[in-house]
Each structure stands twice: as structure tokens, then as C-alpha cells.
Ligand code: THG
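In the block that follows, a single chain appears as C-alpha cells, in the form predicted on its own.
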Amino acid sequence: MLAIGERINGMFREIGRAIRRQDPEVIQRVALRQVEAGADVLDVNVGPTAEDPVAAMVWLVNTIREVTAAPLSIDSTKPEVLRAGLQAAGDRVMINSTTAVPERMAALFPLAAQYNCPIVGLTIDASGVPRDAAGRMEVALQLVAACLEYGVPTDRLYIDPVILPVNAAQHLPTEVFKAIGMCRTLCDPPPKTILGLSNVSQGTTQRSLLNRTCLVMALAHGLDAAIVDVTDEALMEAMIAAEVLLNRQVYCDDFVRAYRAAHAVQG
């Protein structure tokens, strides 16, 4: 599974403060900690507090690039901020994210084509988040159609079926799991699937337990990637164990250490 580290986000107090103060030490420490913990990609989001989000994104990307060449997921609601991040990051990037709102797709799918990079598509349209798996697939088809229209290979699209907090929408995780499996039938080659995993536990008291259980269940339904707290050791070990049980990784008696060693070589 592609593990995308979620911690470089201006919504976190420490990161927001570092962005405002242009403190590279904090950003670089968090970036390296995530890479060491097993992140394949680092999500990069300046958050809502930057006075000049374009300049903040360029500074943030350049600061990270000083210490790691890890792939970056450029994350913003503003197309101009995404473009600035993509330009600063160079190769090994992805776009996080677009919805199926036509204006949003028209702004972001051309960027994915221009930079030849993957793009995350949320199953959200002008009406919001669908109530069930079938509704999510209707929105996912709009995202696939945009790939075809703008020349983005469909296997570079990551469909996010949008999991919501379990304490507010307890019926939805099962619909999300169904949607993950259904995405494989949308087209050939099929899009990949991704979750913003930590959303499921927002506002709960057992966040790590809910996150890692949700991740294992989603993997069993075919999940390809997740935006996660890679520094949660129990979560990452549950992911590794699930990869072994799903026959995605070769078993050995010390499979956690072996996975981490192989990952470090690949990184």
C-alpha cells in the first residue's frame, strides 16, 4: 500500500506556526520523521493561516526538498497554490485533490496532464458526499470521464470514496468499503483507490484503534493508498501484517522488520 504521510499540514498547530515563522527546522524534522516511519509520499498543505499561500507553498516545498527527495502530494483547495507547489517540487509529485464539480475538474485535470502526475479525485459533487456506494460510483464515473477528456491515464487517478467520522455517520464505512471494491470495475485500466484515513476517527476517543482497524478492513477490500499518520507505529504494523495476510508481501518470522528494511532500500 502507498502510505502518504499527513503531518505536514498547516492545520496542525506546530506546522502552522513554523510556516508563519518560516522555521525550516520544524518542517524538516517532521518530514524526515515521516520518511523514517515508512511514508512513501509526503502530503504538503500550507493550511488556512498563511497570508500568501502561494509563497508559503513554494517555501514549504523547497524546505522539504533540502532534506529529502521523497515524492510529494501537493494539497490545496486553490489551483494557483497547487500549480506553485508542482513547479517547485519537480518530479515525483501528485495532486491532492479534486472533486467532481465541473469547474474544479476543469482547473485541476489539465494540471495533472501537464505535469504527468497522479491526481486524487474525491467522490464529492455539487450535491456533496453521496449516501451510499452506488452514489459514490456515479461521482467516480464523472472523474473517470474527466481523465478521458483531459488526457490523464485512468490508472493515474486515485478515487477517494470519502470516509466520514464514525461518530457522526456510523453506517458509512461499510458503504466506503463497498465503493473501494467497485472502483475496479469502472474502466480498464481501473483507477486506484485512496482514503484520507484519519477522518474516520475525528472527534472520537479511540483514534488509533479505529484508524488501524479501518485501514485493515479497507485493504481487504482492495485499497491502494491512504493518507495516514505514519508515525502511529501500531497502525503501520497493522498495515504491514495485512499486506502479508493478503499475499502482497512475502511472510518471514520477522516480517515487520523485513518490510521496513525493504522499504528503506526502495526509498
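Since the structure is predicted, the reported quantities are computational estimates derived from the model, not experimental observations. Numbers follow the displayed sequence, beginning with 1.
Same protein, other form: the form predicted together with the named molecule, not shown, and the subject of what follows.
Contact check for Asp43: a heavy atom falls within 4.5 Å of the named molecule in the predicted complex. Although the partner is absent here, Arg13 is a contact residue: one of its heavy atoms lies within 4.5 angstroms of the named molecule in the predicted complex.
For Asn96, a non-hydrogen atom is located within 4.5 Å of the named molecule in the predicted complex, even though that partner is not displayed. Taking the partner from elsewhere, Thr231 is found to have every heavy atom lying beyond 4.5 Å of the named molecule in the predicted complex. Partner contact region in the predicted complex: 201-209, out of 55-63, 28-36, 201-209, 235-243, criterion any non-hydrogen atom within 4.5 Å of the named molecule. Three-residue candidate spot Leu157, Ala179 and Asp224; no residue lies within 4.5 angstroms of the named molecule in the predicted complex by any non-hydrogen atom.
This chain is drawn without the named molecule; in the predicted complex, the residue among Pro190, Pro71, Pro173, Gly196 with a heavy atom within 4.5 Å of it is Gly196. For the options Leu122, Cys183, Ala89, Leu82, the one in contact with the named molecule in the predicted complex, meaning a heavy atom within 4.5 Å, is Leu122.
Along 64-88, a non-hydrogen atom within 4.5 Å of the named molecule in the predicted complex is carried only by Asp75.
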